[in-house]
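First comes one chain, alone, set out as structure tokens in the form predicted alone.
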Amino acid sequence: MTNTDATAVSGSPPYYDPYDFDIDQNPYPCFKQLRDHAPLYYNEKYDFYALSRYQDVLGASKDWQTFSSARGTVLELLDLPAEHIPQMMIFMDPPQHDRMRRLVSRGFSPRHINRLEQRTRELARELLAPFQPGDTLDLIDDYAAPFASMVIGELAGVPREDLDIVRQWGEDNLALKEGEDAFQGAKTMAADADSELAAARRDVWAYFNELIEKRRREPQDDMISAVIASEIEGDGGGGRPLEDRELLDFIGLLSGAGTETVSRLMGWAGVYLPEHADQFAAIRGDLALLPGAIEELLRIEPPSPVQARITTASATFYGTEIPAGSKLLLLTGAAGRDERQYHDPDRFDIRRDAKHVSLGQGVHFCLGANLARLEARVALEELIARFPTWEPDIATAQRIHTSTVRGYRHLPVRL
């Protein structure tokens, strides 16, 4: 792959570090520098390349043969031995990826997801019922995170009383501590069976193992039971049931990713809508505008703004060759604000109706996109119906910092 539209570097060279909390607080000035002056960027400290322009990120996202997900899609995982890489669908390439996706895709079809709308609405109302106008609600802890967990829990078959445990594990597994070397932390977790994170992960896997055994003995009308009963295509034809590790990693992906992305998206909605009063008023007057607002939120503040890949062959961008076997970051957060693709890209516009790469592209397009959009729409509709306006307390809000997910961990709002 070659792109010869080279851009000259002016001034001091850009610097991007996915583990830098200051950059993560507002990465968009840095992303603009990368797009303008280093559209193919190289970070010597962590030995990765990065693409930031929309067309480059779009093309690489579709080209799974050259830009592989089989070593993981999180930067600090790419250096781990293969046996330590979770067997999650997002960490696979075809044909293995396609077999797994076919196995579970029926549970995420638009028809099946649309049947969940009434139940998701009931769950949203249940969570909002204790609050009254004038109260302060933590939009994440009190509403978005438990709502997303409850929806995924009912879909997957995780008992409600256990959802908080699973949700906390997902957040703790992603979150970085300030000053922490995430590369070293990931290696330590893999090598040191006595590490705190490794011990916590064993506890969760033990819980999921027990749940799998329960479903084997007493199948229910849920996705875990359906996946246990299904067969995946074998390499030599025919079918086979999923191995225990494959089941565990699938349940972990479903419960973790399904909660994290919706929670962060709701956090951005909680800030952006009141900041743009005219557009918020338009949504209250016509809820048909809400799906467009959700797409614009995904573009301007993607919950997962960084995707990692390994190159399987050399690739050339802007006159520089990326060797085979290199680590590459696809900066979807930068691509969503590329002036080459969008007019006035830093402006929030619920009527923009523009495509974005925030949910992936090609074979790795987010399998849960329909569910995430439904959850966000229903959660916001119910919030607006009960509390037409709210005021976020940015001064006491807290962010979650990871190398792959970005957004609010706590967001108090005055109703």
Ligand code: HEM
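For every residue, the number given is its place in the sequence shown, counted from 1. Computed from a predicted model, the values in this text were never measured in an experiment.
The form predicted in complex with the ligand is left out here; the points below concern that form.
| Of the options 363, 354, 384, 70, which one has a non-hydrogen atom that comes within 4.5 Å of the ligand in the model of the complex? | Of 363, 354, 384, 70, the residue with a heavy atom within 4.5 Å of the ligand in the model of the complex is 363.
| field | Candidate from 268, 108, 143, 342 lying within 4.5 Å of the ligand in the model of the complex - any heavy atom | value | After the contact test, the surviving option is 108.
| message | Partner absent here, but in the model of the complex, which of 77 to 85, 283 to 291, 300 to 308, 318 to 326 has residues with a heavy atom within 4.5 Å of the ligand? | response | Checking each option against the 4.5 Å cut-off leaves 300 to 308.
| Does the ligand come within 4.5 Å of any heavy atom of residue 368 in the model of the complex? | Taking the distances in the model of the complex, the answer for residue 368 is yes, it comes within 4.5 Å of the ligand.
| At the 4.5 Å heavy atom threshold, is residue 276 in contact with the ligand in the model of the complex? | So residue 276 does not count as contacting the ligand.
| message | Quick check on residue 215: any heavy atom within 4.5 Å of the ligand in the model of the complex? | response | Outside the cut-off, so no.
| Taking heavy atoms only, is residue 359 within 4.5 angstroms of the ligand in the model of the complex? | Contact check for residue 359: yes, within 4.5 Å of the ligand in the model of the complex.
| Heavy atom contacts to the ligand in the model of the complex at 4.5 Å, residues of 253 to 287 in sequence order | Heavy-atom contacts within 4.5 Å come from 253, 254, 257, 258, 261, 262, 265.
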